[in-house]
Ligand SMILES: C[S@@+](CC[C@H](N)C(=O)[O-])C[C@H]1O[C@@H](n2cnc3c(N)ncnc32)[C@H](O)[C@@H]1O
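The form predicted on its own is given below as one chain in structure tokens.
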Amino acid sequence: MYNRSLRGSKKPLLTEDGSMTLFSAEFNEPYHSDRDGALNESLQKHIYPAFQIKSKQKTLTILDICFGLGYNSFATLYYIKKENLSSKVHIISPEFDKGLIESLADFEYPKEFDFLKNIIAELSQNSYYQDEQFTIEILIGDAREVLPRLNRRFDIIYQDAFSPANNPLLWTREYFATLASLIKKDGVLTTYSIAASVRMALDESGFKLFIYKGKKIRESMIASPSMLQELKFIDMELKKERNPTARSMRDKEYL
């Protein structure tokens, strides 16, 4: 269902917070919300909610789906440095656009990422970076093929693929069942999508769901195999009663 002939066709796009993203012709949408802002979206919908729960953990394994321009991974390192956290972090991220990864060193990132230039350059060349505190591995390939081969469980999953409308195979019930097998019992999954089909797929895969509201930004969602305190729980049984026609997306509809 992907169109390789369009994969290299991308245009730079300035977002509301002043940070740059790209518009993908293949998926007919930008990598980040131009309204929410590329950097702001990463921080408000992924890093802040995840670290609200995990900031005291000394070692963290993070699954970043998909790497794209790397905003979620780089914003993670930015947040850890800014907050002077000692957490050791290992980020693994599938990404099927090898050409995009090779171009990262030339992309115009926000000034907040200036201290990451050597890391970005090394990832651009080798898809890998490691120092005493941070390890980042970009696994080149389709996420649906890469994920079943992973032999570890994750504390945090950033579910940040292109939208369900344009990249449905990374939002189906079967896909979320794979993520459920990769997340730790007390792990957290963050996502910008609060669509009914996404809620249903996560619920059917054993996740409990919670609304997260960042500052001056649209609501996003946190999911976990466990109950999370001090977050607004989404009662899916009540939701299903009120909307009996809602259903999750299934692989068979798109394969």
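Residue positions are given as counts along the sequence shown, with the first one as 1. This structure is a prediction, so every number in the text was calculated from the model and none was measured.
Quick note: we don't show the form predicted together with the named molecule, though the next part is all about it.
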Contact stretch among 76 to 84, 121 to 129, 158 to 166, 178 to 186 - heavy atom within 4.5 Å of the named molecule in the predicted bound form:
158 to 166
Candidate site Y48, L209 and E230: all three near the named molecule in the predicted bound form by heavy atom within 4.5 Å:
no
Is D97 close enough to touch the named molecule in the predicted bound form, meaning at least one heavy atom pair within 4.5 Å?
yes
Classify I138 as contacting or not contacting the named molecule in the predicted bound form by the rule of any non-hydrogen atom within 4.5 angstroms, answering yes or no.
no
Taking any heavy atom pair closer than or equal to 4.5 Å as contact, tell me whether L170 reaches the named molecule in the predicted bound form.
yes
Taking the named molecule as it sits in the predicted bound form, is Y71 in contact with it (heavy atom to heavy atom, 4.5 Å or less)?
yes
Sort through I62, I222, C66, L43 and report the residue having a heavy atom within 4.5 Å of the named molecule in the predicted bound form.
C66
Are there residues in 15 to 39 with a heavy atom within 4.5 Å of the named molecule in the predicted bound form, and which are they, in order?
F27, Y31, H32
